[in-house]
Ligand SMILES: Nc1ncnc2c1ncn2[C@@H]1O[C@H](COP(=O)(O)OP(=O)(O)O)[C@@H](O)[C@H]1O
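Next up: just one chain, as structure tokens, the form predicted alone.
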């Protein structure tokens, strides 16, 4: 029987005297959505930065499809199909939707041997990508700063999805969004999960995990203190686990 898509074993990370991760282990199946919850400074984001290649662990091992891997930077993780959408989104506000999606890998054509941006291809691919994800914006040429919070979040997720990840990490994707926009972002996460993408969701909005996730993992001060199947737990129990840990 095939093992999990991802396994992180006994991951440790310290920043000076602060032990951010104290031997955390995690497993993720193909097409599964896992919620990471816990108070601030629990180690959730640090663990995911290790997985996305942004932070190098002091100890521990990572396995993808049973094979050991090591990441020196986010490009290493991306090449193996791991993408992370950060809470600050990392979008360029002054640039339009299409150019944000293809930033750094813009399609080009040659005129008299000189490479120039192929706007027609860029915006056509953008429209096709957004349509495939059921993301609606007034125009693919609209500057990102003019989009709503939910639309900006969707564009950030679409950019990550354009790299065709096997694992997508979402760091607080619904924070500070209006209810209607939260629904759209969660629906997008559900669609991606349905397409076979494994998702790790970091969130303080505990009600969201019951819409999208299959399992929940509770962290506290750099340790995994509890895990539950979503089908076998309740919002009240998850709150108790977090409060009890604290």
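Numbering follows the first chain given and starts at 1. As the structure is a computational prediction, the values presented were derived from the model and not from experiment.
Below: the form predicted together with the named molecule, not depicted.
Peer 1: Just one of 235, 10, 231, 18 has a heavy atom within 4.5 Å of the named molecule in the predicted complex. Which one?
Peer 2: Answer to the contact question: 18.
Peer 1: Consider the chain as shown here, without its partner, and state which of 27, 41, 206, 69 has a heavy atom within 4.5 Å of the named molecule in the predicted complex.
Peer 2: That would be 41.
Peer 1: Contact with the named molecule in the predicted complex for residue 46, defined as at least one heavy atom pair within 4.5 Å: yes or no?
Peer 2: Answer yes; at least one heavy atom of residue 46 falls within 4.5 Å of the named molecule in the predicted complex.
Peer 1: Looking at 185-193, 60-68, 210-218, 32-40, which one sits within 4.5 Å of the named molecule in the predicted complex if you count heavy atoms only?
Peer 2: That would be stretch 32-40.
Peer 1: Just to make sure I understand: among 194-212, which residues lie within 4.5 Å of the named molecule in the predicted complex, judging by heavy atoms?
Peer 2: Going through 194-212 in order - heavy atoms within 4.5 Å of the named molecule in the predicted complex - there are no hits.
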